[in-house]
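In structure tokens, the next block holds one chain alone, the form predicted alone.
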Amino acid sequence: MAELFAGVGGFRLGLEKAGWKVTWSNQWEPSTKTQHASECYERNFKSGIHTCEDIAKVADSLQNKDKKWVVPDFDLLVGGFPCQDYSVAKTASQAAGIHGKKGVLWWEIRRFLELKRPPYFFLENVDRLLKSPTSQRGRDFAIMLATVSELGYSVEWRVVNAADYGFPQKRRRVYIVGVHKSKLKKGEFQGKSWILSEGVIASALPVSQFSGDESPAFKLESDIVKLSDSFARGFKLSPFLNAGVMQGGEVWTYSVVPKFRGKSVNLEDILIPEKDVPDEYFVEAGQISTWKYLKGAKREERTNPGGGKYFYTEGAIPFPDHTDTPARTILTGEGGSTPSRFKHIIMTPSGRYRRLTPVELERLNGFPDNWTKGMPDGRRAFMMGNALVVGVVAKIGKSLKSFAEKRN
């Protein structure tokens, strides 16, 4: 497989557990001088070709056949492509969608698929992708589906909350699997049965309920310009539900419910002993009231820059965080000692409050301890806020490998 937007290697960790081999990878962050993620990736993985370069330049090189960067052929293209323009961490009005600075990186994925024509791809993003932008709910995902359909791929997707399948973090992401028509048998990648039981994702992560009928929900406009202009215009809700398949532009989409009967791992199960926690992770007594305020419910009168008055409201976040359930989603701002509404705070057995350590954040995503060691703690937390849950990738990767082996 080849890995785009590799980050610190979560996709690779999961897929290597599932039996895939990485031959080429790329990670580059344009906004930072020190490439912490790429350095972490190279430090932990010794095999395969790794590049730290603008992915558009690499794609240009492939397209121009100048051989500046060598990308071996591969069976599977993977990537957790940058999601800032789709993230729920932004307000709806701020989310620029597929035309945003980060969202445009979708087109580099599309270029790699066109230039290398791998039989399979496997992508991950925030679930907001299915309903972006606010003016045309689901348009961005519709364009993505239509562009890979042009290349002969069928696609299945599922929104997965990792905690629903026993993992110790409530992390919702959309997972997208594509298969080229050359690897499909007649009748595959279609309809209710594929989503509920026969599909790659359903085989890995079972579901028990659905809504929808047997017929395709709709067919995508094949003209991308028309699709971009007209799709879901005026819709209040996206037509894409939390699971679905697309083949030949026809879309089946359903609401499904996870089915899991195993043992769940909770936040308390991954915590390190209190005696081993460095002092800087404990909250000073004088800051506790600030933490409580930031995490509490609010209805406050505030003033706009222009002078108008309005009421700001928000619900409460638990303080301290419950440890007998899976943790809340790790965000990129988890690091640092500054009080924050979104950072995790737990109470220790001795009654003290503390933040989570980098090792605990790594464990919540399924990384080995100290995977990100060697960079500042704030960056380590940022990397885990950007990462995915390794175990979910491993389950889908194993199912995809089994599917692929039957077609070799």
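Residue numbers run from 1 along the displayed sequence. Keep in mind it's a predicted model, so treat the numbers as computed, not measured.
Not on display, but discussed next: the form predicted together with a small molecule.
This chain lacks the partner; the member of Leu105, Ala217, Val277, Leu184 within 4.5 angstroms of the small molecule in the model of the complex by a non-hydrogen atom is Leu105.
When the small molecule is considered in the model of the complex, only one residue from Gly138, Gly80, Pro326, Gly335 comes within 4.5 Å through any heavy atom, namely Gly80.
With the small molecule omitted here, the record of contacts in the model of the complex names 29-37 of 337-345, 60-68, 29-37, 354-362, defined by a heavy atom within 4.5 Å. None of the heavy atoms of Met375 is located within 4.5 Å of the small molecule in the model of the complex. A residue is said to contact a partner when one of its heavy atoms sits within 4.5 Å of a partner heavy atom; Asp54 meets this definition for the small molecule in the model of the complex.
A residue is said to contact a partner when one of its heavy atoms sits within 4.5 Å of a partner heavy atom; Ser25 fails this definition for the small molecule in the model of the complex, lying far away. At the 4.5 Å threshold, heavy atoms of Leu400 stay clear of the small molecule in the model of the complex, well away from it.
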